[in-house]
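Just the one chain here, the form predicted alone, laid out as structure tokens.
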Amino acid sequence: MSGRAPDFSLSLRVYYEDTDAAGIVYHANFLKFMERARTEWLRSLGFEQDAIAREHGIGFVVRSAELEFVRPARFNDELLATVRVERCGRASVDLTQNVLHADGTLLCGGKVRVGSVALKRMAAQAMPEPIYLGIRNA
């Protein structure tokens, strides 16, 4: 055992609106699935993004995303979107995010860097200590 916390995972279902004319999930929707997983991951750590914005004036924005599309997802498939912290700095977090079929097959793998920004200036801003520690220790 590595001592590392297990990946956070969010169960999702593919809806008709997620698919394209060929009946498979449109590629950009994998980013939406990853976004939902990040939001629920933060919530599981006790952090609501609207409260963070209101109380601290910061928000989290995607700075970069690198995705590899491995296999398609189709209408009505059950999926898991995962989040794993790879590195947590004071103003950015590097994550590995995957979208898997419920049977464990990797569909889309990604590396996502999220930055903490001061919402009024839209410039990098260090996370408040409790948020930084909560994410770093996740």
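Computed from a predicted structure; not experimentally measured. Numbers for residues come from their place in the sequence shown, where the first is 1.
What comes next is about the form predicted together with a further copy of the same chain, which does not appear here.
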query	finding
A28, heavy atom within 4.5 angstroms of a further copy of the same chain in the model of the complex	yes
Contact of D94 with a further copy of the same chain in the model of the complex (heavy atom, 4.5 Å)	no
Contact flag, D20 vs a further copy of the same chain in the model of the complex, heavy atom cut 4.5 Å	yes
I24: touches a further copy of the same chain in the model of the complex, heavy atom cutoff 4.5 angstroms	yes
Sequence-ordered residues of 33-55 touching a further copy of the same chain in the model of the complex, heavy atom within 4.5 Å	E35, R36, R38, T39, E40, R43, E48, Q49, D50
